[in-house]
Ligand SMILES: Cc1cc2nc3c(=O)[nH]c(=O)nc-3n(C[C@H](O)[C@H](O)[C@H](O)COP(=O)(O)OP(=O)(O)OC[C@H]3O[C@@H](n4cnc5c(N)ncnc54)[C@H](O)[C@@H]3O)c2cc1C
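Coming up is one lone chain in structure tokens, specifically the form predicted alone.
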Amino acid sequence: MDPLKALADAERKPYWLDSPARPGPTPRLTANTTADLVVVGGGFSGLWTALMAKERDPSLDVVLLEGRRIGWAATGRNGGFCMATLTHGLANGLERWPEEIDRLERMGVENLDEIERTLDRYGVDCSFDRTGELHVATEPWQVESLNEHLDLISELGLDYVPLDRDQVRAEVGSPTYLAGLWERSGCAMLDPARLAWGLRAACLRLGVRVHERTPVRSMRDDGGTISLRTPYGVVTARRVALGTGVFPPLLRRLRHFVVPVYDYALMTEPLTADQLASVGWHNRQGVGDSGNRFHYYRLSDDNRILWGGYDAVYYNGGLVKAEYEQRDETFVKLAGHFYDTFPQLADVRFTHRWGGVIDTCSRFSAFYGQAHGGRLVYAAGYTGMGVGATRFGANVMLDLLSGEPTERTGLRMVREKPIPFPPEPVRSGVIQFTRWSIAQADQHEGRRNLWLRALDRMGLGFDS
């Protein structure tokens, strides 16, 4: 089908948030108040922090402030891949923290296990399904890199299964697949919006005071406390945790480490039984291809296909704007790639198209820190893989606030910061040239030019 025709009736809104299950907003903050802990941000980072703070100490008075609605930003716009990795994949973790990789992989799997147990404990129905993720090679040069770390994977006891061309096509039927690597237990598929709403319900049940439509305008250190000013009230707290992602930070230093990168996705109409049979996909894994500019895709409960990725767009100046959430050039490109991958689905149309902003940092995985004498903590920079890792990050923030050393806070990954991005306008020039170089690498069998190799040596990068 012509991509323009296939997109003609697609709603310009995130599929996950377009649901009758979406709860009404909690009340705005309309008076001055105090709290033991204020959590700023109602995405996964803030929700996990608030929930686990109450689990650690039920007597704590915890307030969560969200500027708009719970889960409206990256939390409700992603692909719903809840991954065990804390390091944006094994290869990135191995390159940056090789001496910690065994612990990081173990702690990532434990974190995913704990997410599953938490959902069971609170009865959160978000279609959590531990299908694993299928990494596929679609170009000959990708096959070797796909299997590069098999020996280490075996040593770490990770559950990966290499697949040849026929085996991977038996899992998911695409003529573009040349090989695959099935990471069988390190990833779960879920509905991210329903996860966020379920965590909100759990927070409310434990006594967290949740105020939506309550943006924090400014922050002031009063000595022993920190005051957060909102449009209709001030919250004074002993401790503050920031989980605001890429949005303009209350802590100015964070703007040097995080840039807003826009990612885009489509959702198809539900497949018929015959259409689904033509693809196979009996094990319902999430799928990601292996280019530098990669696609990610998965099935929904009602057998739609979410299809996203490829273009990771940085708009010069680094602003976050609602108008950037729609990019027809990318939607048409994505639709064409979908039909190239699944020619047997040429009659399938799309019902939703949307974009969202990712908090990208130069090391591709979250970083952590403290300010105001240890009374404020933050976690940011998840770079598109935060559905699962935000729970680990929330635990890091709570560990830091406690002041007690833990295995988590002892990690070099936690103690170190990424290399900051240069200021504008140099930042825009560097990022756009890097994006061009990445596209060139994909067109030249993965060969990285001098610029990309120099960035690799410095530990810098750009990803989504």
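From a predicted model like this one, the values you see are computed outputs, not experimental measurements. We number the residues from 1 along the sequence you see.
FYI, the form predicted in complex with the named molecule isn't displayed, but the following is about it.
Checklist line | Partner proximity in the predicted bound form: Gly79 to the named molecule, non-hydrogen atom cutoff 4.5 Å | finding: Gly79: contacts the named molecule in the predicted bound form.
field: 4.5 Å heavy atom contact, Trp281 and the named molecule in the predicted bound form
entry: Residue-level check for Trp281: no, no contact with the named molecule.
Item to check | the named molecule contact at Pro162 in the predicted bound form, heavy atom, 4.5 Å | outcome: Output for Pro162 is no: heavy atoms all beyond 4.5 Å of the named molecule.
Since only the chain is shown here, I'm wondering whether Ala179 would be in contact with the named molecule in the predicted bound form (any heavy atom pair within 4.5 Å).
Ala179: no contact with the named molecule in the predicted bound form.
request  = Within 4.5 Å of the named molecule in the predicted bound form, counting heavy atoms only, one of 320-328, 344-352, 99-107, 70-78 shows up; tell me which.
outcome  = In short, 70-78.
Contact residue in the predicted bound form, chosen from Gly233, Gly336, Gly173, Pro215 - any heavy atom within 4.5 Å of the named molecule:
Going through each option in turn, the one that passes is Pro215.
Quiz item: What is the one choice in Gly384, Gly93, Gly288, Pro260 with a heavy atom within 4.5 Å of the named molecule in the predicted bound form?
Solution: Selected option: Gly384.
Are all three residues Phe44, Met83 and Thr244 in contact with the named molecule in the predicted bound form, where contact means a non-hydrogen atom within 4.5 Å? Every listed residue reaches the named molecule in the predicted bound form, so yes.
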